[in-house]
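Form predicted on its own, single chain, as structure tokens, below.
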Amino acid sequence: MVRGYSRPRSLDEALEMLARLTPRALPIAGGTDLLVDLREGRLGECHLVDISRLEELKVLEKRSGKIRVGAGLTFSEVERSGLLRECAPVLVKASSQVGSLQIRNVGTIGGNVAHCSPAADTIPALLVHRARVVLRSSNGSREVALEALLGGPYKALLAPGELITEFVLEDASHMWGEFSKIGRRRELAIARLSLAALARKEDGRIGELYLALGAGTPVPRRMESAERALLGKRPQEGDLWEAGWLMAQEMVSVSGPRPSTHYKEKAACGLLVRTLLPLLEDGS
């Protein structure tokens, strides 16, 4: 139940409010996840701190070879960015597949990560871009690898009063990227499985490869067994099927057997093959 609402005018003011009102304080930007939780009674009494208009959370720049992406950017703003289309192509493709146009216009990448859904679209994309997360509170700031923030389903490891302010990505302007997902329908689909892929080829061989699976494990994660199986190879379709099977086995080893395992094993394998097939067609 909402007991109060505040709209700070600066990031410092927002952090002061979050500290003063903890543990009741809840930051709200797009609200596309938070409002659902409130409506369904999953949250207790809270005080909303509206951070949606803070310019400090809208940073978007390339600096010292890194791409800095503000946590307050909406999915639509990410999708429209020429800088991100060039330097973070997987994040752009993932953002373009989130929900509906209305959701993409207000939902933010920071909120998507903080909600920490196993099926979050942008988390696998950020993982293959080797994202680090800048966190700030009234006590200072820290920077951690994204993996360190993912504590479990719907459990981001944020300290009380702490806010995700930006993501720091590796420049991927020299790489090929793709994001694919399986859902029950084309639009407004929650991923049953998703896969982010970022790769670089040299003389036909895979010189770099980053794969991250969503909705198949308690939190999205890199699939390193499949990465290792393809690195250094001039891949053929059979290599992709082998890597897909390795990824499926890694998924099951992390999540344990479930009623959906029989379906998801085959689906994960096929998803990897479908996602990486363009690498075979590119002879470079």
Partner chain sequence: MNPEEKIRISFRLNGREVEAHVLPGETALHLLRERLGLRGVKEGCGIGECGACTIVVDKKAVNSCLMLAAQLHGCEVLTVEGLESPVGLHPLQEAFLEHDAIQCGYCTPGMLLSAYALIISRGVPTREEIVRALAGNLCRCTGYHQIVDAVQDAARRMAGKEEGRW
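No experiment lies behind these values; they were computed from the predicted model shown. Residue numbers count along the first chain shown, from 1.
The protein also exists as the form predicted in complex with the partner chain; that form is not presented, and the subsequent description refers to it.
Query raised in the report: Exactly one of I28, L230, V219, V59 has a non-hydrogen atom within 4.5 Å of the partner chain in the predicted bound form; which residue is it?
Result: None of the others qualify; the residue that does is I28.
Query raised in the report: the partner chain isn't shown here, but in the predicted bound form, which of 250-258, 59-67, 42-50, 211-219 has heavy atoms within 4.5 Å of it?
Result: Stretch 42-50 is the one.
Requested in this report: Indicate whether the candidate residues S81, P89 and S225 are all in contact with the partner chain in the predicted bound form, with contact defined as any heavy atom within 4.5 Å.
Outcome: The answer is no: none of the three residues contacts the partner (heavy atom, 4.5 Å cut-off).
Query raised in the report: Contact between A148 and the partner chain in the predicted bound form at 4.5 Å, heavy atoms?
Result: Close contact is absent here: in the predicted bound form, A148 is far from the partner chain, nothing within 4.5 Å, heavy atoms only.
Query raised in the report: Hey, in the predicted bound form, does R185 get a heavy atom within 4.5 angstroms of the partner chain?
Result: Heavy-atom contact with the partner chain at 4.5 Å: present for R185.
Query raised in the report: Would S173 show up as a contact with the partner chain in the predicted bound form if we use heavy atoms at 4.5 Å?
Result: S173: no contact with the partner chain in the predicted bound form.
Report task. Evaluate R132 for contact with the partner chain in the predicted bound form, applying a 4.5 angstroms cut-off between non-hydrogen atoms, and reply yes or no. Result -> No.
Query raised in the report: For the stretch 84-111, which residues lie within 4.5 Å of the partner chain in the predicted bound form by non-hydrogen atom distance?
Result: In sequence order, S96, S100, L101, Q102, I103, R104, N105, V106 come within 4.5 Å of the partner.
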